[in-house]
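One chain comes next, on its own, written out as structure tokens in the form predicted on its own.
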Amino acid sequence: MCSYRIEARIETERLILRPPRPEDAERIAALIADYDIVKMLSRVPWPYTVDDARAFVSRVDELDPAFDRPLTIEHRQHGVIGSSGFHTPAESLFPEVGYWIGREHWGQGYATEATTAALGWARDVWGKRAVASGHHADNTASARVLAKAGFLYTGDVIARQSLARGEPTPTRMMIWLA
């Protein structure tokens, strides 16, 4: 494995994006213990527990950094406020970016700031020329974040399993080109 924790540190004026650490698990679990957040994500179970967060963090070093880059979103004053990262599905040519922000930090531009910074890093450091993403059709807030970050709709709507909802959910796919 490469020195993954060193390579994936992204800084903005307000935020630091970095790989999750074991000491982040309790804060991550507390922030994401909100069905309104989890139902908008594909791969997160409900309810989400501290044990789920610990398992997630413990797997970080096992991931291949050529394909997957989980990131914790840390606010310089408030500490951990959410999560972001890249995951490359087996059937995809491009990594996909995803994110969530704890409810108490909604509406302050953090998701857009984190996503834009992560895309710049993916282009400049990771060498990616395209990144995919998608949002559940009923997630208009995420649609706005992705559009502000420079994503364009592909025209594809796919049924993506939502672990929290327990069923496939219409997901509008988008692409970002470097």
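All residue numbers are counted from 1 along the displayed sequence. Note that the structure is a prediction, hence the values are computed from the model and not measured.
We do not show the form predicted in complex with a small molecule, though everything after this point is about it.
A heavy atom within 4.5 Å of the small molecule in the predicted complex is found for one listed residue only; from Phe56, Trp121, Tyr110, Trp46, this is Tyr110. Residue Val145 is the only one of Val145, Ala29, Ala117, Val60 with a heavy atom lying within 4.5 Å of the small molecule in the predicted complex.
Interface membership of Met40, defined by any non-hydrogen atom within 4.5 Å of the small molecule in the predicted complex, is confirmed. When the small molecule is considered in the predicted complex, Asp36 lines it closely, a heavy atom lying within 4.5 Å. At a distance threshold of 4.5 angstroms between non-hydrogen atoms, Ile101 is in contact with the small molecule in the predicted complex.
The closest non-hydrogen atom of Val125 lies beyond 4.5 Å of the small molecule in the predicted complex. The stretch that touches the small molecule in the predicted complex, counting heavy atoms within 4.5 Å, is 132-140, out of 149-157, 46-54, 60-68, 132-140.
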